[in-house]
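We begin with a single chain expressed as structure tokens, specifically the form predicted on its own.
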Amino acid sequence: MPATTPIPPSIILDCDPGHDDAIAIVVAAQHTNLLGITTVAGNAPLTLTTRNALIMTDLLGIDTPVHSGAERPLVAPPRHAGYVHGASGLDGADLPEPSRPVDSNHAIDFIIDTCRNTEGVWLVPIGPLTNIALALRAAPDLAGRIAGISLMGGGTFGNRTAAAEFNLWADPEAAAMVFDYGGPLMMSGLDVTHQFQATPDRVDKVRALPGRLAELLADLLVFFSHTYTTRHDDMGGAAVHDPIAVMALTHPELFTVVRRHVVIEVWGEHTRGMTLIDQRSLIERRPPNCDMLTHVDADAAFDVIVRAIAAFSR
């Protein structure tokens, strides 16, 4: 009998575009049943992350609904990442204006309604976890209805501080709620995403593709990579974090995964937003609550991205 084609996972992509979010949108559009895109403040203010999400749907020629959500964290003041992504959140390319307005400003309602009306939805948050936490708090039944949560964030080291990765540092209270929600949870943290860099040879593969989308994404990756190579001792290109959380669902064979218990530090003066990952061998350690990605076949994963871009670039 011929091999059957795996059913693409149904997902809601919760994002704050962001250069790597833009790549994640391309991969999700190609390899998942993308039910909707919800936006959150993070890499840039909400108005800009929403604008960038709409631009990406235009460039891909998809009619996926876009719903804007939380404009600030649950407790902390909003803090953005213009030092990495530029003032617009997508600096580095001459992008068009969006052709359509946002579908609504009620991302949390969209998440709740979609997860209640559709079986087996994966939530894939790749920015601060504010929208996801608000949805879980407003509708506790979602914890038992969704297929799981595959997020980008955390790790055994930080980038915004020595201890904390940006997405979880931006809203630790929301992150703590998500890590405690009780269902399947996958964490694509810095340990794996820093293995996945937009090196010059990989950017060249994107630029060699025909079409406007490839040209724009190559320009974006060049800008993104410059912010990494000039701010790190040992990076050959930008860490393309966010597509990992999508490919963890669509291409699991590319990753090594371990089971860990993970909690979020919300109080520490120097450790706020840290993912405390229990790696002890003690028998009495707490049971794992998280699948933690540790390694990626980076060349094969980047080929997934190149093929996805090629599918939309004309």
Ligand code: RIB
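Predicted model only: the values in this text are computed from it and were never measured. The first residue of the sequence shown is number 1, and the count goes up from there.
The following text describes the form predicted in complex with the named molecule, which does not appear among the structures shown.
At a distance of at most 4.5 angstroms from the named molecule in the predicted bound form, all three residues 43, 152 and 242 contribute at least one non-hydrogen atom.
Screening 152 to 160, 91 to 99, 139 to 147, 208 to 216 for residues having heavy atoms within 4.5 Å of the named molecule in the predicted bound form returns a single hit, 152 to 160. Residue 167 belongs to the set of residues with a heavy atom inside 4.5 Å of the named molecule in the predicted bound form. Proximity of residue 124 to the named molecule in the predicted bound form: non-hydrogen atoms within 4.5 Å are absent; the residue sits far from the partner. Along 48 to 79, not one residue places a heavy atom within 4.5 Å of the named molecule in the predicted bound form.
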